[in-house]
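Before any questions on binding or motion, here is one chain by itself as structure tokens, the form predicted alone.
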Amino acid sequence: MFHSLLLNIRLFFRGAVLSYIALFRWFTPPAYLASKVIAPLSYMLFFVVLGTFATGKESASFYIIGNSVQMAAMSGIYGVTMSIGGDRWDGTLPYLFATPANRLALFVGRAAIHVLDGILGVFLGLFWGITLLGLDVSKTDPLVLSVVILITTFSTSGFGLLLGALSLLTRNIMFVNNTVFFLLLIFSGANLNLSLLPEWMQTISWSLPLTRGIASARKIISGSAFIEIAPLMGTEFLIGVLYILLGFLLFRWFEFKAKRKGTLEVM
């Protein structure tokens, strides 16, 4: 049993690294810089300038923090989905289905490196906010903020795993990814005060990743203690776990249907 556990752990980490290197679409430096540095900085500047123009300069931190944490979705949504969907697009999915390896380790491992990459993206966003836009972090507990970013990136990557499983059922997953990503800009509270939204939108917002993470990051940067955001972070973590389980069940269903029909076209 211990030997089996070691094999699964090894499979998890090797699969995580190899899937990132072999299937990650922005692994080249120019593509990475354009997708993970320039583009996020551009849309953050856009929303900060637009938001402060409409509501005043005193609200700048609201938009800076919201869009910095939102950067976790670049890796959590696009990166994770592309890692799973890449198996199908690159013709490696039949080999995955043929191996007796632990499916859960393979599936969850697809998100591991992207969680780290997402954390880097959030810190990069906050760096731009501090150096270019004057974000005040003097009241911030760095350790608590790091925990918030870690859990938020984890939950967002869990959502990406679910979307990645859905990518096996459609040929146009980029349309789904783009739609989800830009809807998160609204529903996550990154650029809108959730209390001003209709109740049905608030219900959707609090069922999504990022929402609690963004709210918690704002509280921590404003000087709140960990105890004040602990319930939010606990729920955020559980949301991530739920999305991972849903994605894994969908992935296993796809594998069952593909083997039964003898084709990867299950729809």
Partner chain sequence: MASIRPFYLTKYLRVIASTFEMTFRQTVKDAFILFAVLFQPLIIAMLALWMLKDKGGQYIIFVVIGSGMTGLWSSLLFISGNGITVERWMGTLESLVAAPTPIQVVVIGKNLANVLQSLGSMVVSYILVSFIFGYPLSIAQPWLFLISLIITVVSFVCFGIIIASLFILNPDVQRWQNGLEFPVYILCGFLFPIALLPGWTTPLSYLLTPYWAALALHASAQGTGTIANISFAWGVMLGYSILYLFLSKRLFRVILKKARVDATLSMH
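Positions refer to the first chain, counted from 1. Being a predicted model, the structure only gives us computed values, none of them experimental.
The form predicted together with the partner chain exists for this protein as well; it is not shown, and the discussion that follows is about that form.
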Here the chain appears without its partner; judged in the model of the complex, the stretch of 207-215, 238-246, 225-233, 53-61 with heavy atoms within 4.5 Å of the partner chain is 53-61
The listed residue (L116, L183, L104, L169) that reaches within 4.5 Å of the partner chain in the model of the complex by any heavy atom is L183
*Determine whether any heavy atom of Q202 comes within 4.5 Å of a heavy atom of the partner chain in the model of the complex, and answer yes or no.*
no
**Message:** Is L192 near the partner chain? Define near as a heavy atom within 4.5 Å, in the model of the complex.
**Reply:** yes
Taking heavy atoms and a 4.5 Å cut-off, does L197 contact the partner chain in the model of the complex?
yes
Exercise for the section: Would you check, heavy atoms only and a 4.5 Å threshold, whether T92 touches the partner chain in the model of the complex? Expected result: no
- Message: Is it true that A16, S146 and F154, all three, sit within 4.5 Å of the partner chain in the model of the complex, judged by heavy atoms?
- Response: no
Applying a 4.5 angstroms cut-off on non-hydrogen atoms, the residues of 32-54 near the partner chain in the model of the complex are L33, A34, S35, I38, A39, S42, Y43, L45, F46, F47, V49, L50, G51, F53, A54
